[in-house]
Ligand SMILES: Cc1cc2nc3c(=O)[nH]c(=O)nc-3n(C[C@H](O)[C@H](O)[C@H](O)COP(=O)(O)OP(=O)(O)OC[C@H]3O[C@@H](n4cnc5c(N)ncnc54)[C@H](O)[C@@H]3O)c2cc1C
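Only one chain comes next, encoded as structure tokens, the form predicted alone.
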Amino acid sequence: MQPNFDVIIVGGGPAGATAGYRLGLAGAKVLLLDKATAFPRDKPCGGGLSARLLDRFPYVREFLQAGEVPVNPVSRVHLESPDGTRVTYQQGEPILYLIRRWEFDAALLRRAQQVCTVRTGVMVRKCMVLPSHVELESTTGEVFSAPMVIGADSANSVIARHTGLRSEAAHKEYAVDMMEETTYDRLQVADRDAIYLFLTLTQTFGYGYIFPKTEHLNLGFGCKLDWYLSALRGKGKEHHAEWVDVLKAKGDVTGETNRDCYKAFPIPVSGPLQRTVTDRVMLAGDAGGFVNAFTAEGIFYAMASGSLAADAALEAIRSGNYDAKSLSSYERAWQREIGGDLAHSVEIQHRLFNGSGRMDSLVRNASRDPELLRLIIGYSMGASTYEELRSHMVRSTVPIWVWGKMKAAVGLR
């Protein structure tokens, strides 16, 4: 006989593990399902943790400081624009804490396991919302039921699709990140104390990056899914090898790519879904579209949305009300904490990744304006706000724009 659970969480990544840990600590009876047969499990990802994540989740800071998860704190960023302009930003304290998702996700799940029932090796293939409960069916025919479910099952969420919360064309919503994570005996980086960001793929939407971990080098690039499908289908490894050659020609890396370490995975880059709740269902993490559309950073948003979904689930459990109206407190909560940030990230993506030359102008201006550079990097890493960046850009660029108009009006060149 299946135990009586208050909530089922599908997905044991940062969103699901955070939700499970929060719910379990509060006394809820939680079943967490993940398709991986065991943790640690392979997870391709840049693996950058921001300072605000450590502030929001102090237990993460504690296990990093204890050495449970190896971390490389970096305080320098090399930023390159499409025209090749490169600028370097340096600050005293770490800008980003680089980890391997292999190790980080396992640490989060261990905490959930302390307070939840966790089942690995369970792939959910069907979700049915019934008047009195939710039923989930696995690929082996096993059925799980509970009054509600939190879908934290990645960008290809079964829960989102089967409940009608995600229905748009995927190629309009996703980017593809193509990367490898290789040991330093194979690939080396010129500056192991910095991250590299290459905002060079404006026509395809995207970026290239180098993230040096403690024992591994993570590098890759992202592009829109529609461009990937039209130009790179079946050619991902070859294109990635060409990207490594470009980095070698720049002098940023040495060594050879390891094609066995190449992986590609989807990232939602159109902001949160229009609806992230329905009767008896909430979505968190990539399943709900909680990814920064400018930086493609998702770990902080996954954990924040997972924690907020847990809070709403606790309210539902206490009241016995699981309809969409009751669960809408979750949407109000994530809108307050991360909604503006994510909406602005979509706006910035549309303005800068469009081949207009705006990215070149922005980086060139930043090379001459230390405060603008600080705000760009700070916004990218979650340390400064969109409003601060926009305000400074308006103050610093309007006089130049006005002068340009005046010159054009009088025929000056």
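In this text, residue numbers run from 1 along the sequence as written. Remember, it's a predicted structure, so these values are computed and weren't measured experimentally.
One more form of this protein should be noted, the form predicted together with the named molecule, which is absent from this view; the next part is about it.
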Partner proximity in the predicted complex: C116 to the named molecule, non-hydrogen atom cutoff 4.5 Å: no
Can you check whether G47 is within 4.5 Å of the named molecule in the predicted complex, heavy atom basis? yes
With the partner left out of view, is H344 within 4.5 angstroms of the named molecule in the predicted complex by any non-hydrogen atom? no
How about V291: is it within 4.5 Å of the named molecule in the predicted complex, going by heavy atoms? yes
The listed residue (S307, S81, T163, S154) that reaches within 4.5 Å of the named molecule in the predicted complex by any heavy atom is S154
Pick from L64, A26, A36, L54: which has a non-hydrogen atom within 4.5 Å of the named molecule in the predicted complex? A36
Using a 4.5 Å heavy atom cut-off, indicate which stretch of 67-75, 145-153, 244-252, 315-323 touches the named molecule in the predicted complex. 145-153
For the stretch 112-141, which residues lie within 4.5 Å of the named molecule in the predicted complex by non-hydrogen atom distance? V122, M123, V124
